[in-house]
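This document opens with one chain alone, in structure tokens, the form predicted on its own.
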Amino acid sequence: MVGVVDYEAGNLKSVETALLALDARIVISGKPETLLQCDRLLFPGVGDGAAAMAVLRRRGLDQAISEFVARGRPVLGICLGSQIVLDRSEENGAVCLSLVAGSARRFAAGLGQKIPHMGWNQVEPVRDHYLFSGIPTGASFYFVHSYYPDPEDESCRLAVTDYGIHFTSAISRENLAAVQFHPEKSGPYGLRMLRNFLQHRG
């Protein structure tokens, strides 16, 4: 059973549609006790990092996600979910989950690129990881974001993307992985990535 975290951060319908297309058994919930019974956890989201963290704390989901990670079960964050696993975000000074050391950074002005970064772009893995199994290097995924994860430990950097700078577009640490792009909106390669997550046994 895949638990999808509902913390009022949007984008749940497209994630649900993609998972059901892969015949996944899912439960969408904002209740910690329900999510902690699942085999794996996916937390998507779009929007404001500080507002999302406020909801997570109010519902006790911050502790539930941390506990789920500590239990060693597969966890995948998407978009905003790749930023709030870090220590902090430059978006309204958000204090985040501290599951991966680092910060979510805003794209600097003057890069010659539009902000938010919106549309298809190539993703280049920097090391082997089950999420990218069967996906060619340089495959394109769909992005919508103004902030990106910046882990302190280079070993947590999983993939990079070029958008005026080479920014980190995927991170991982042990059983936790998170991607800045939207696999649920990224066609066949995105579905392959979600299938890899569903089939991973840890």
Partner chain sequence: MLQKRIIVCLDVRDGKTTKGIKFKGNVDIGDPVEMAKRYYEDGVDELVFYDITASAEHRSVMIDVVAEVAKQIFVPFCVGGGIGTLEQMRRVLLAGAEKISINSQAVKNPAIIDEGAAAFGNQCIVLGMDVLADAAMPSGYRVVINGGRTPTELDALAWAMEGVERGAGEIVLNSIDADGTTSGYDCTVTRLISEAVSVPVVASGGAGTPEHIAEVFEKGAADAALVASMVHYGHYSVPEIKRDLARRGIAVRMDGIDD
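Residue numbers count along the first chain shown, from 1. What you see is a predicted model, and the numbers here were worked out from it, not measured in a lab.
Not pictured, yet referred to below: the form predicted together with its partner chain.
(message) If the cut-off is 4.5 angstroms on heavy atoms, which of these, A50, C38, I28, A139, is the one near its partner chain in the predicted bound form?
(response) Comparing distances to its partner chain in the predicted bound form, the residue within 4.5 Å is A139.
(message) Please tell me which of D162, E33, E174, E67 lies within 4.5 Å of its partner chain in the predicted bound form, judged by heavy atoms.
(response) When its partner chain is considered in the predicted bound form, the option within 4.5 Å is D162.
(message) The chain here is shown without its partner chain. Which stretch in 115-123, 95-103, 68-76, 81-89 comes within 4.5 angstroms of it in the predicted bound form, by heavy atom distance?
(response) This holds for exactly one stretch, 115-123.
(message) My question is simply whether V55 lines the interface with its partner chain in the predicted bound form - judged by any non-hydrogen atom within 4.5 Å.
(response) So V55 does not count as contacting its partner chain.
(request) May I ask you to check whether A18 falls inside a 4.5 Å heavy atom distance of its partner chain in the predicted bound form? (result) Because a heavy atom of A18 falls inside 4.5 Å of its partner chain in the predicted bound form, the answer is yes.
(message) Would you classify A24 as touching its partner chain in the predicted bound form, given a 4.5 Å non-hydrogen atom cut-off?
(response) Heavy-atom contact with its partner chain at 4.5 Å: absent for A24.
(request) Any residue of 172-198 with a heavy atom within 4.5 Å of its partner chain in the predicted bound form counts; write them all down in order. (result) Residues within 4.5 Å: E184, K185, S186, G187, P188, Y189, L191.
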